[in-house]
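Below you'll find only one chain, the form predicted alone, shown as structure tokens.
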């Protein structure tokens, strides 16, 4: 029988060390080729001009133009509004997932019903809510029947953005619900049983047992929900408000499309895309940092 020598053992150890890198390499190459490289090209393009200056370096000219554009200011202000509304957008699927996990009557039906909006196209969702929220639509008719005046849900600059965000939350919280249910599968049910034995209320069980046990799941949902709000609302905005009224529902992604497709300003759109990327990165890192600190305090 042949006994493997030291060189054979060294080769085997080297192969074991390299195996993880070989397995991860295709995914890394795809990310670099389809994500990071286009991102780098976009950042570089943002420092060039449009129109007659196409391809000509203009330094920070595009960014200075963004700093003086009222529509871009509105889009960034709306990003701040999304950050403020984010806890509500996370709390809704979290609470519904909690009730399903606790097996409220009809929980199997609720699971399907809550996820159904997530499979609908944003264009379809926007068209449906355009009909429902129209000035002469069913919702205002219902308000009129109880003596309340009609509300211009999509035409009032002070209300329109809240309306679109509400529709977006309704249309997308099903995915967050599924993530929360997956997180509940890792929850030690004996902790909830012990809390019930000790006389804890539902609110106390959620605050002292469920939330600390699902910290990482909550972090993930916070970050992905924020990314979805910043990058997946174009369809609703286009169908429901077209950025109006008076630009009140502009978000960076809609601003980017407007500059690229309507104004033929691709370099300026690249600059806005770079700003959006930085905003998403900063907000995501801040969210993770704050949630981790809250988790350690608990």
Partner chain sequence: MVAALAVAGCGSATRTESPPGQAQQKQQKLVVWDWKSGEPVAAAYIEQAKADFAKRHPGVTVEFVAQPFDQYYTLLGTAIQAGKGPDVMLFNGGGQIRDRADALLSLDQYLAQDKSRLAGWDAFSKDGKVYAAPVTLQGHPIYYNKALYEQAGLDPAAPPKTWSEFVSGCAAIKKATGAACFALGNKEGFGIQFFLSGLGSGVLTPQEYDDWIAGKRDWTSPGVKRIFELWKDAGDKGLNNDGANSTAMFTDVFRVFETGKAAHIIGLMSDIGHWNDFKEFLPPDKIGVMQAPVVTDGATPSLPYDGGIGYAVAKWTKAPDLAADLVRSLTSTGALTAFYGKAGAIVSDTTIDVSQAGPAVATIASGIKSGKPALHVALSSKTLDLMGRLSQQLLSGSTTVDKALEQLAASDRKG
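Each form is matched to the other, and the largest set of C-alpha atoms that superpose within 1.5 Å is called the rigid core. Small disclaimer: the values here were computed from a predicted structure and weren't measured. Positions refer to the first chain, counted from 1.
Omitted here: the form predicted in complex with the partner chain. The next part is about that form.
Across the options 188 to 196, 169 to 177, 127 to 135, 205 to 213, residues that bring heavy atoms within 4.5 Å of the partner chain in the predicted bound form belong to 127 to 135.
Proximity of residue 229 to the partner chain in the predicted bound form: non-hydrogen atoms within 4.5 Å are absent; the residue sits far from the partner.
Mapping the unseen interface onto this chain, residue 235 falls outside it, with no heavy atom inside 4.5 Å of the partner chain in the predicted bound form. The closest heavy atom approach of residue 251 to the partner chain in the predicted bound form falls outside 4.5 Å. Looking at residue 85, you'd find every heavy atom of it more than 4.5 angstroms from the partner chain in the predicted bound form. Checking 154, 96, 76, 218 for any heavy atom within 4.5 Å of the partner chain in the predicted bound form turns up a single hit: 154. Contact with the partner chain in the predicted bound form, defined as a heavy atom within 4.5 Å, is made by none of 89, 121 and 291. Annotation for 69 to 84: the only interface residue with the partner chain in the predicted bound form is 71 [heavy atom within 4.5 Å]. Annotation for residue 238: C-alpha shift under 2 angstroms between the shown form and the other one, rigid core superposed. Here residue 62 counts as shifted, since its C-alpha moves by at least 2 Å between the shown form and the other one after the core is aligned. Superposed on the core, the two forms barely differ at residue 247: its CA moves less than 2 Å between the shown form and the other one.
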